[in-house]
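Only one chain is included here, represented as structure tokens and corresponding to the form predicted alone.
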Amino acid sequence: MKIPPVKGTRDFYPPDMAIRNWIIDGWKKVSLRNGFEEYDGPIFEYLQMYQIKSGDEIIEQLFSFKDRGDRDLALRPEITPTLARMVNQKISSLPLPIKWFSVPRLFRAERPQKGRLREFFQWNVDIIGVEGALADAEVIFCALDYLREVGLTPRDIVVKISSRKLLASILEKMGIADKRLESLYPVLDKKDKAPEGEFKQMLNKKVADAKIADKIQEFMEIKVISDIKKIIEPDDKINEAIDKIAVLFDWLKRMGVVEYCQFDPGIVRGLAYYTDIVYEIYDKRGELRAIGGGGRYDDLLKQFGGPEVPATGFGMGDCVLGLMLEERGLLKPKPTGTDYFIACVEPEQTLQDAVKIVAELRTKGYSADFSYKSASLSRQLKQASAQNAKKCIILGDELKNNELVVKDMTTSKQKRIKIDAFFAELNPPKAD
């Protein structure tokens, strides 16, 4: 009986693994050059940790279980709670600001669909201990630094930016009580994710006054921040939030990425912990889910029993990103290849010599391989080509004179050389 993979998971055969590594290696390279250090945590945590942070929405998406001690645990659906826990554990000894990144494997028990699976990899970049819009701008820049490097332009993607503080201030001015905001945010987050009629129905259930509901929807559809005053008269709170967005856009302009960015009050982010600036990165064709998103979460460390420390960050999953890059022909994984393939003219007589040479090459840091089968030389050369071998070492009659033949697989040129001289002339392999 054949057992299939679990729905919503992936098998990574070597070509798929090459793509995965190319994406993740790119994330890591960009993180490091932007001044972030890598961290990681356990693949499962106490269930309570996610209940504290994310409210009911994330709990419904968890793979949770009890361990042998009857403790409630969960496979991590995100890593930000782990980050908060780790920082709180050493907050007195960690120098601020903290600039960390991670590429965890995450799990969510939700219905698999295009761009959303039950297990995936996610790039997380966070700055802890810095107030103000410059830190928000830096994490947005880091995301765009990677997306530009893989070939995405302002014609391909857009960072839609808004503010939870702006939204809260406007809703309060419209008469929505502060205690109702947390339950309203997940509904507002569905504005561009659900059909228009369905969203309006959900909104009317939460906001009984139809005029206020219409006004909320009108606000969420504006594209120019100055149009806010056409909907509602700004007060000090609203003006303060507007000013902060303006400062953020000014930093993004100075960083040279503002052409990727636009104000969009329809961006809410459904999770409960966001406190101020929020944003999501979208495919401009509108065919895919958000590539990534994030925002400011200044209260999170305090919720986990630590001090009140400002924090901001984003997450970007590999599923939607991979789909988008594939559709645009931008997936460019490094070609796999072997430095040396050792072929034997008479395998029965020279296999021992081949294995010795392979072992010595590997010891010196080169990738090297040979054929297990007693195949003809032509078949072995085909195997070398299939492995994208750069050079092929051919062991034949020359071994009687302690010599071998080295063939360049690109040019087909070959030369005879003494074995000792061959190893003496080897330079250390180039680092990737």
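Remember, predicted model here, so these are calculated numbers, not experimental data. Position 1 is the first residue in the sequence shown; the rest follow in order.
Missing here is the form predicted together with the RNA; even so, the following discussion is about that form.
Across the proposed site, Glu110, Met409 and Ser412 without exception bring a heavy atom within 4.5 Å of the RNA in the predicted complex. Only one of Lys191, Lys244, Lys160, Arg289 lies close to the RNA in the predicted complex, with a heavy atom inside 4.5 Å, and it is Arg289. Between the options Arg71, Arg105, Lys229, Arg116, the residue in contact with the RNA in the predicted complex by a heavy atom within 4.5 angstroms is Arg116. Although the partner is absent here, Leu377 sits close enough that one of its heavy atoms falls within 4.5 Å of the RNA in the predicted complex.
For Glu346, a non-hydrogen atom is located within 4.5 Å of the RNA in the predicted complex, even though that partner is not displayed. In the predicted complex, Gln387 stays away from the RNA, with no heavy atom inside 4.5 Å. When contacts are judged by a 4.5 Å heavy atom cut-off, Lys373 counts as touching the RNA in the predicted complex. Heavy atoms within 4.5 Å of the RNA in the predicted complex map, among the stretches 392-400, 361-369, 22-30, 35-43, onto 392-400 alone. Contacts of stretch 134-168 with the RNA in the predicted complex, defined by any heavy atom lying within 4.5 Å, are made by none of its residues.
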